[in-house]
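One chain comes next, on its own, written out as structure tokens in the form predicted alone.
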């Protein structure tokens, strides 16, 4: 069940480069939040920008703390980075459908690109079965939460396009090694990141005989399924073979086998 409440900022700190972590006190949201869901945030004191902004829920705690990560990419996130402790933002959430937690005999494998890693942290943090994080970015500066994931007991494998950290190449190139090392074991795959990466991950895993849960979050306006601004194509039993699905209300989590890749 989603609610709307005022969330008071506890901390709003620079992690490194343009990445920030903000903690809100939002107990009515945290008590129902699950990995893969998101909030829709109205940024305080940003009077000339009325639209809310969606952010993946990175973490929640029993004391009512809600954590999101963001990168300064425009006026809205730049303004958010300047908010201080005790500033209050209007928050709607938790919204969207969550990831399915791995079963007791399944090894979770997360494939994340850039700050897509924020969406999947709570999943591995809560998982009883320790798994893998395959984290990719353009350079070392785009790899976030590496140490935090390691603390969950996850095996972290990294790749960068420029070779500045980990494997030089695409994050999808790390998948075959994980498959080879876990032959005969049950794996459950999850992914979040840029759309191009997610399409490649979905198609690659389907060819290998695996399905995956993809977080296909898009730019959103309303966040509740009313405006059709955040649609993606999914398979459908009609003449075209596809239909539009709203990522805010029908997603953001979709199975790779449901996505239309045409």
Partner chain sequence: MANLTTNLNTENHPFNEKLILKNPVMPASGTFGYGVEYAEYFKLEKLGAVVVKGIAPFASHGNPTPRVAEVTSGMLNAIGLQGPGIDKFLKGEEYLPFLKQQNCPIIVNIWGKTVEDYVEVAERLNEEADALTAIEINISCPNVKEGGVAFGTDEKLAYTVISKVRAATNIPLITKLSPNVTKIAPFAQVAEDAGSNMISLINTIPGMAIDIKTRKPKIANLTGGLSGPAIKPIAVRMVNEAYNAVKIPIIGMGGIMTGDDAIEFFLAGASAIGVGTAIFADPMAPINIIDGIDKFLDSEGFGNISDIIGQMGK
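Residue numbers count along the first chain shown, from 1. Not measured: the values here are computed from a predicted model.
The same protein also exists as the form predicted together with the partner chain; that form is not shown, yet it is the one meant from here on.
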For this session: Please check if residue 242 has a heavy atom lying within 4.5 Å of any heavy atom of the partner chain in the model of the complex.
Result: yes
Exercise. Does the partner chain get within 4.5 angstroms of any non-hydrogen atom of residue 52 in the model of the complex?
Worked result: yes
Exercise. Any chance residue 95 has a heavy atom within 4.5 Å of the partner chain in the model of the complex?
Worked result: yes
Problem set entry | 4.5 Å heavy atom contact, residue 42 to the partner chain in the model of the complex | yes
For this session: Determine which one of 181-189, 164-172, 87-95, 126-134 lies within 4.5 Å of the partner chain in the model of the complex, judging by heavy atom distances; exactly one does.
Result: 87-95
Seminar exercise, completed: Near the partner chain in the model of the complex, with a heavy atom at 4.5 Å or closer, the residues from 225-250 are 225, 226, 227, 228, 229, 231, 238, 240, 242, 243, 244, 246
